[in-house]
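Only one chain is included here, represented as structure tokens and corresponding to the form predicted alone.
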């Protein structure tokens, strides 16, 4: 039964990562590509990590070997690091892109551009 749950987690992970790859290829500018790729790969990695943690817990109960506890803890720490760094990295890339002059296509509101114009007028 638990193997099916692990397989479902892995299938969800593969699906999200595949959607992120498609978003990277199909979306029109750097901001939408960054958005699609970051969200999908984050969710994909979350479910892959859940699968690893669940597998490690099951193997720990079966064998009693502490290396599976270590594997689960390392996976949890990696997941936490991913959740903290992935949005920050995406934001930094988007801001650097905007400051380099790559403006979003079809944007209704561009707060960075308005701020830059206000600074020039001051």
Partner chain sequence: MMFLYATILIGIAGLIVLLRLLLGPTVSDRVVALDTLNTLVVAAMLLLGAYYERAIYIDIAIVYALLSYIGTLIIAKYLQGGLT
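What you see is a predicted model, and the numbers here were worked out from it, not measured in a lab. Residue numbers count along the first chain shown, from 1.
The same protein has a further form, the form predicted together with its partner chain, not shown here; the description that follows concerns it.
Asks: Could you tell me which one of 107, 113, 12, 18 places a heavy atom within 4.5 Å of its partner chain in the predicted bound form?
Replies: Contact check passes for 18.
Asks: Using heavy atoms and a 4.5 Å limit, would one call residue 3 a contact residue for its partner chain in the predicted bound form?
Replies: Yes.
Asks: Report whether the minimum heavy atom distance between residue 78 and its partner chain in the predicted bound form is within 4.5 Å.
Replies: Yes, residue 78 sits close enough to its partner chain in the predicted bound form that at least one of its heavy atoms falls within 4.5 Å.
Asks: For residue 93, is any heavy atom within 4.5 Å of its partner chain in the predicted bound form, or not?
Replies: Yes, residue 93 lies within 4.5 Å of its partner chain in the predicted bound form.
Asks: In the predicted bound form, does residue 60 come within 4.5 Å of its partner chain, counting heavy atoms only?
Replies: Looking in the predicted bound form, residue contacts with its partner chain do not include residue 60, since no heavy atom lies within 4.5 Å.
Asks: At 4.5 Å, heavy atom to heavy atom, what parts of 56-75 sit next to its partner chain in the predicted bound form? List them in sequence order, or say none.
Replies: Contacts from 56-75: 59, 67, 68, 70, 71, 74, 75.
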